[in-house]
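Let's start with one chain on its own, the form predicted on its own, as structure tokens.
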Amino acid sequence: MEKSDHVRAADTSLRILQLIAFSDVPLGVTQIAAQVGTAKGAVHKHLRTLGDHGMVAQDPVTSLYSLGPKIWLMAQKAPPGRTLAELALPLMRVTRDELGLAVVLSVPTARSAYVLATLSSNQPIEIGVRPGGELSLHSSAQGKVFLAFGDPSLPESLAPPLERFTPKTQTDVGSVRAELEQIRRQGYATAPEESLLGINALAAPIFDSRGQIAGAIGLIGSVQHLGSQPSDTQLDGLLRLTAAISRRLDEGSGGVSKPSPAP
């Protein structure tokens, strides 16, 4: 097996493991194969390997897969201290209750905005994304934040053809890079109907004590409740929230106090 084949095999195993981890219910081989986009026979081999290492477990009655015991043991070895999600969630909840919009926390990866935590809106129709989800860099507000404020090499990874998710997705690389300059100037990003028709998102960066981007907060709602031009109340609420989380990271501790106005 060539090196590239090993990399692809590892990538498939990790995607299978993440799919199982973030599913609300145990999954079968057919479901996993369909969502991963790999043949059932190949998925079965990956599952068998993951099972041999204790990463997944198969129910002997239903034949469905869930996380295995070694995952729990590995989690116990995680570094002590409060994670970004633990610091952010109490503050996110305050902002959600004030604005009524879904609130999403994500961190940057080389290819996406990876969702760490979400709080659903309090609107009659629920709008949001699940933890473990990946948001496109060029078509999501949080992805644009990471392109604008993150690793300088990240925008260079944009190469045509950019995927079109809706008729309003911006797929011209030059136009996306021009938008990033505007995002840097104004300090926030929007993505009206660029990932899903009828849905807009408003996002801003979270910075750590070194001034480097640690994550992003996105507010998500229907275009009825979150227009392409956010209201002053919505923008102020978002910026107060990200500033408060950034201060918590700088302090290294925090409680559940209400976000204070951004300077």
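By rigid core we mean the largest C-alpha set that fits within 1.5 Å across both forms. Quick caveat: nothing in here was measured; it's all calculated off a predicted structure. Heads up: residue numbers just count along the shown sequence, starting at 1.
Just so it is clear, the following notes concern the form predicted in complex with the DNA, a form of the same protein that is not shown.
Partner contact for Ile213 in the model of the complex: the DNA, 4.5 angstroms, heavy atom: Although the DNA is absent here, Ile213 would stay clear of it in the model of the complex, with no heavy atoms inside 4.5 Å.
Contact flag, Thr38 vs the DNA in the model of the complex, heavy atom cut 4.5 Å: Heavy-atom contact with the DNA at 4.5 Å: present for Thr38.
When the contact criterion is heavy atoms within 4.5 Å, does Leu64 count as touching the DNA in the model of the complex? Yes - in the model of the complex, heavy atoms of Leu64 and the DNA come within 4.5 Å of each other.
Against the DNA in the model of the complex, would Lys45 count as a contact residue? Criterion: heavy atoms within 4.5 Å. Because a heavy atom of Lys45 falls inside 4.5 Å of the DNA in the model of the complex, the answer is yes.
Only one of these stretches, 232-240, 219-227, 45-53, 195-203, has heavy atoms within 4.5 Å of the DNA in the model of the complex; which one is it? One stretch meets the cut-off, namely 45-53.
With the distance limit set at 4.5 angstroms and only heavy atoms considered, check whether Val7, Thr30 and Gln58 all reach the DNA in the model of the complex. Every residue of the candidate spot has a heavy atom within 4.5 Å of the DNA in the model of the complex.
Once the core is aligned, does Ser246 move its Cα by at least 2 Å between the shown form and the other one? It does not reach a 2 Å shift.
Aligning on the rigid core, do we see the C-alpha of Thr30 shift 2 angstroms or more between the shown form and the other one? True for Thr30: a C-alpha shift of 2 Å or more.
Ala39 C-alpha relocation of at least 2 Å between the shown form and the other one, rigid core basis: For Ala39, whose C-alpha is compared between the shown form and the other one after core superposition, the shift is 2 Å or more.
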